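Two forms, one protein chain; structure tokens for each follow separately as structure 1 and structure 2.
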Structure 1
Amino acid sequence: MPLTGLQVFKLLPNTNCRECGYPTCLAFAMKLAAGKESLEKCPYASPEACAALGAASAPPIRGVTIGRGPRAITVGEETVFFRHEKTFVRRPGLFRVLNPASDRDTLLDSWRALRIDRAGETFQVDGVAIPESPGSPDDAAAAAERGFPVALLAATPQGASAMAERIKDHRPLLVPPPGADLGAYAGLAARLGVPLVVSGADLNALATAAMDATRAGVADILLEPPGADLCGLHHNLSGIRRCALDRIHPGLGHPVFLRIAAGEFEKAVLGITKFASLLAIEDHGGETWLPLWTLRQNIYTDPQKPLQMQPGVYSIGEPDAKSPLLVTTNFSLTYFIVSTELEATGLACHLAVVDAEGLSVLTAWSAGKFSGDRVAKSLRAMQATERVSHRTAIIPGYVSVISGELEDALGDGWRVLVGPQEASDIAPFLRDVWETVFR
């Protein structure tokens, strides 16, 4: 369990030397216990204190890296049960199962090229799962050569060895069949230095299997939880996370692996929402990926940091110097709603996205981050004022109060039009007001 501030204080030298930057050792201890400082700042900490604090501050769920290179994925290292307690650290990896009967190279190339940008995040296939088959060693090599992290879905120790030996330098994940005898697979994983998935009929058996794998020399382990139905799986996923966070059993302090067969969309949703770290998803048509990526993004973001767009001037269509210039904040949801409404009008526009630290329009205004002076400085900094000849900016209707201040701050003949309060009214506003004024 994490140490309290007083427990940390007892491990410090209690000299109040202030060399750490704090007036007392107790103040420094409180920061250490909260995870906001490093023990390295204390020049007189004893080796015993370093060892004790290091063990107490280690994440209760071990981090495991699969693959090598820029697309390598790390899972685990979670510290909370509920997202709002702090944040989830690692989003789950979504691996696609390669159909042995498919046009392998064409499919892998299309997966590698697939990139979808949404709300500041890039959706892509995180890795490839290779089922054991006569050609699976070649399939695994082809996926690894394209930079994908690879999960080897073995059926036999011999097949596992053939696949793993072929790509051992790419650090694949070795996945035995559920309920298989662990010995041969653990020996292979330990010899090659690759991560291993272990399974068990219940949580006690699962924890025991993980400890057996550790004793066999396997350093990195993922847990495949039991669960005959979604209710049982939900119970076991929650139990693993709670036992890991409370350090009830060291065998459960590992990331979680789930197999998702074709048509098991509900199981994939459960895994993403309830603590699975890596999912091997069989979906030959590809229809489920966008909703699963979107679900993951909605959950695995820092609740203390709003989704933000990069500030700047975005072109809707092909605007010119006579096109309208609209202003909004860089809260992602606001941007997507406004830009979608603008695209629907068919009118080319400039959309100036002002840095408001990811806050919505009214929230940013009430926090002093969307004032007339601040908006004017942003428009100049992003050179929005140089993109139009009509010297007119359109602001959201809910912040009409800043119109006069913004006109004064822009100066040089600029005027401010107060737009509609709701994005759904943008089209009639541009038709009835903008085109009337600048026709």
Structure 2
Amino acid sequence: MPLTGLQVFKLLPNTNCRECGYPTCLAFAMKLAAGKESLEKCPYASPEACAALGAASAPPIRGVTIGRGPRAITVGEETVFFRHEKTFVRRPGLFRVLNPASDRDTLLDSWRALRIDRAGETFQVDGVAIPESPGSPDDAAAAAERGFPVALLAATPQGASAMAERIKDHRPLLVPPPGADLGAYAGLAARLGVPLVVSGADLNALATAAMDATRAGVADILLEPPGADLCGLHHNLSGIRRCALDRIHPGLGHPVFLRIAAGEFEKAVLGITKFASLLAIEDHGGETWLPLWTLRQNIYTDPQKPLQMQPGVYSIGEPDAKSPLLVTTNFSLTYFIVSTELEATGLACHLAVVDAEGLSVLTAWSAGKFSGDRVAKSLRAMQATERVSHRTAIIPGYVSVISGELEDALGDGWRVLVGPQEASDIAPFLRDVWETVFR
């Protein structure tokens, strides 16, 4: 629980020595309570004061790392209920459930190789969840050897132990069956030093289970909330986040784990948007992954830093030297809208995406990031000017004002054609202006 200014004041020596730079201890305490100063500036702070302030500034939701090496994933450490208040920080891990399969190794290799680039982020299989079976220790080892963080979906304490012992150096997540007696699992997790999932029939039971696990020596805990349907689950997910942020119960200050059975796409959507940190997803078709990754990308984008495209020349269809060359900014939304409209025209073209620090066209221009000089430099740097023989660049209608400056800066007989203001008018523009005037 954050301390108030007066609570902090009581922890200070109250000598008003001014060595911290403030006229009184009370003034310093107020700054400390607001998180705007550090206790290190007080040379006379007692160890008790340091401990109390340290505990108060601990994150409301603990961070937990699963796996080792480059693919290890850390979840938790969230500080807000609504993403616009600041941002959500730790993208939830989307683990794929590996059921016993004869072609296990081929499957795992293909999962490891999977990489999908979208708007500056690479989607991949974040980890593998292994349900207990006679062969599951081998399955777990096969996944861990390939570098995947592993969640062990145990059915019995013996099975859990066999799997966890086998890959204990890879820091797996131990997941007991929901409602299981925690004792044996907590003992195992504490002994091996691996993270543990706890469950409970309601929030109270869940919080108690987490406290029990802590007392048993488990350092890293995830919570598996109950929820027979989305309504119940939503209630619990919202309750956990609220209790954690308001520090109502220390047992709820942990990240959340969810199992998503085959066909439970809507549950996964709810989990990603509403505060789940790790989802073990069973999936037969493979169609569910792209929408879920994309949803996570959207929800976990920092509202203050828009998604950006890598600047460069993007091909729409198979353009050649006679195809039109269009210029836009690297704000990903702008890129998506423009490229979608271009694809719909069925006309091959070059789309030059200029680095405007992720701003949309008009904003970039007003901020001086989309001036004629800057655009010209960028076009040359990405060799867009060498892609076409017609020496014509089409710019967005909103920045018609830069056309003269851009023509001058490009030189070499280049000319600038002002396109439409709205992407939806690109098709008629290309048809009426480009096709008739330039063909």
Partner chain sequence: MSLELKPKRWAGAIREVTLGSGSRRPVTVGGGNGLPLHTFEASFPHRPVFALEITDVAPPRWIDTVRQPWNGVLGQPAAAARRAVDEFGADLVMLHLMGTHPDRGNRSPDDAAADVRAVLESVRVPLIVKGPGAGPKQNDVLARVAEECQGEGLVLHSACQEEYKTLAAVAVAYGHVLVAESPIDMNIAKQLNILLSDASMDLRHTLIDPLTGGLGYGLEYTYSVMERIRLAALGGDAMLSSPMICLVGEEAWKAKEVKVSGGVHWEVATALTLIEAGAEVLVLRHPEALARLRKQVDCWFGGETCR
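Computed from a prediction, not measured in an experiment: that's the story for all the values here. Reference numbering: structure 1, starting with residue 1. Throughout, rigid core stands for the largest set of C-alpha atoms superposing within 1.5 Å between the two forms.
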Could you point me to the form predicted on its own, 1 or 2?
-> 1
For residue 392, is the C-alpha shift between structure 1 and structure 2 2 Å or more after core superposition?
-> yes
2 Å or more on the CA of residue 262 between structure 1 and structure 2, with the rigid core superposed, yes or no?
-> no
Please say whether, between structure 1 and structure 2, the C-alpha of residue 192 moves by 2 Å or more once the core is aligned.
-> no
Core-superposed CA shift of residue 430 between structure 1 and structure 2, in Å, is 5.3
Quote the shift of the Cα of residue 408 between structure 1 and structure 2 to one decimal place in Å, the two forms being superposed on the rigid core.
-> 3.1
